[in-house]
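Here's a solo chain for you in structure tokens, the form predicted on its own.
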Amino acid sequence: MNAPQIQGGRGVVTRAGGVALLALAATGAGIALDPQRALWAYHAAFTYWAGIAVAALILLGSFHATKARWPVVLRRVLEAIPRTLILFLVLFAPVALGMNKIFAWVDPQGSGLTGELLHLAHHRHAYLNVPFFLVRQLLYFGTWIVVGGLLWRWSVRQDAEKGVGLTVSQRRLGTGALPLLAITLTFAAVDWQESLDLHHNSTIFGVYYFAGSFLSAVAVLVLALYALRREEPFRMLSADHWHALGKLLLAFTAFWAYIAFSQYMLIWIANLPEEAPYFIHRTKGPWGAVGAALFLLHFVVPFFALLSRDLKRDPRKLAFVAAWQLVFHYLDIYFTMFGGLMPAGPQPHWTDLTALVGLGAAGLAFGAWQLRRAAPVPVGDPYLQDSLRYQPQ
């Protein structure tokens, strides 16, 4: 099977790149005017998009680990998403350069920490210090970029070489890398989010960040395939393929809610002084309303919507639910990060929007550019025809 290059992809790269430049330039102006607030906004947007890219790599590894055949036809699109981590390593520079404005532990006394918080900052200095923090980021991104790069390279090589040899290599790497990807994402969750609030101390938080990011990675894949649905290779996607993606959305909507409840229940029942303040700040006043909105709109509404078989088999409706979940995953990130930074309640800032759009558009441009460099489907995969004939049992 031969697959033509995606038509119109160059326009997506150009338009998304232009939007990214404008939005990131506006965010840069915001950093010049109000450094701390704009850097908080940038860091939240970075955490949102980079987490989705890593979760997409975990999803790809999971497909290889389970030897799944049904997603082969859509795998090349999924493979392009983690490739954006090369770009996100570069886009981490403002976070690295502005750490003293983002993280109170960088300069505890200069940040105004007193009492218990100052004690916690000094107690955790062996882990939370600038050199070690930056080394960890290089280790995280190095792991993600190498694994994602090898899976992409072997998949593209297989287009020409055919055979099962590269399929075996991808399955071995995808399977073997999963524990390492899980560990690095967990530590990234602690570094990027949990360390913002020294009162936040949850052993399940890495899984919580993974659950939301993984759900959003499936949502991004659904939206990407919906945007490509008129391209020749993707016209072959059947209702069964969309149904399978919808079932993944449903499963991880429930999983995110389960982990969120587990974290709340365990911390609240234990009622330890070093853990309880995290939820005390987020269950009262304006933040309590945000938490209730997340429960209703990030779980209840999409969960019951996704129970519909007809909805999961309708690409347009499924794409709407996917976009909905992406919106509320950002609200979840905002709730987690800003709940400790602004205990009195949300204080929206225009850089929240420019950073979110800028980083997202940059990722879209880079991912679309990557996708244009190869066949849009893995034409050399020996199981492609099985994927095209997919009918769930």
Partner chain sequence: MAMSEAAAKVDKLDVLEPVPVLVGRPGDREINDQLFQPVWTQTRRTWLALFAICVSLAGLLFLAIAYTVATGIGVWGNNVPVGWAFDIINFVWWIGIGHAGTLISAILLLFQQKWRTSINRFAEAMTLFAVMQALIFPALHTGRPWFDFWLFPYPSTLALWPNFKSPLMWDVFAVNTYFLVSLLFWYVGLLPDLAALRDTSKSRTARIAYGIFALGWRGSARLWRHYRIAYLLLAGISTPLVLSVHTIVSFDFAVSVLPGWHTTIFPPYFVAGAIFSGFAMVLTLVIPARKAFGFENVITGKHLENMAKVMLATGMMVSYGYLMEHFHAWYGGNRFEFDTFFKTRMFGPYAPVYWTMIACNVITPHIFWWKKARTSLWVLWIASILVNVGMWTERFIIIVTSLHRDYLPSSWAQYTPTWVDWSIYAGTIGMFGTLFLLFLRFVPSVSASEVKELRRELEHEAHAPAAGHG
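Numbering follows the first chain given and starts at 1. This is a predicted model, so every value here is computed, not measured.
One more form of this protein, predicted in complex with its partner chain, exists but is not displayed; see below.
In summary, the region of this chain contacting its partner chain in the predicted bound form, judged by heavy atoms within 4.5 Å and restricted to 226-234, 258-266, 288-296, 79-87, corresponds to 258-266. Site annotation in the predicted bound form: the residue of Asn100, Ser238, Gln137, Thr167 reaching within 4.5 Å of its partner chain with a heavy atom is Thr167. Proximity to its partner chain in the predicted bound form, defined as a heavy atom within 4.5 Å, holds among Trp152, Phe141, Phe92, Phe187 only for Phe187. Residue contact with its partner chain in the predicted bound form: Glu274 places a heavy atom within 4.5 Å of it. Looking at Pro382, you'd find a heavy atom of it within 4.5 angstroms of its partner chain in the predicted bound form. At the 4.5 Å threshold, heavy atoms of Pro179 reach its partner chain in the predicted bound form. When its partner chain is considered in the predicted bound form, Thr203 lines it closely, a heavy atom lying within 4.5 Å. Looking at its partner chain in the predicted bound form, residues Arg37, Gly112 and Arg309 place no heavy atom within 4.5 Å of it. For the partner-free chain shown, Leu120, His123, Arg124, Ala126, Tyr127, Leu128 of 109-146 come within 4.5 angstroms of its partner chain in the predicted bound form, judged by any non-hydrogen atom.
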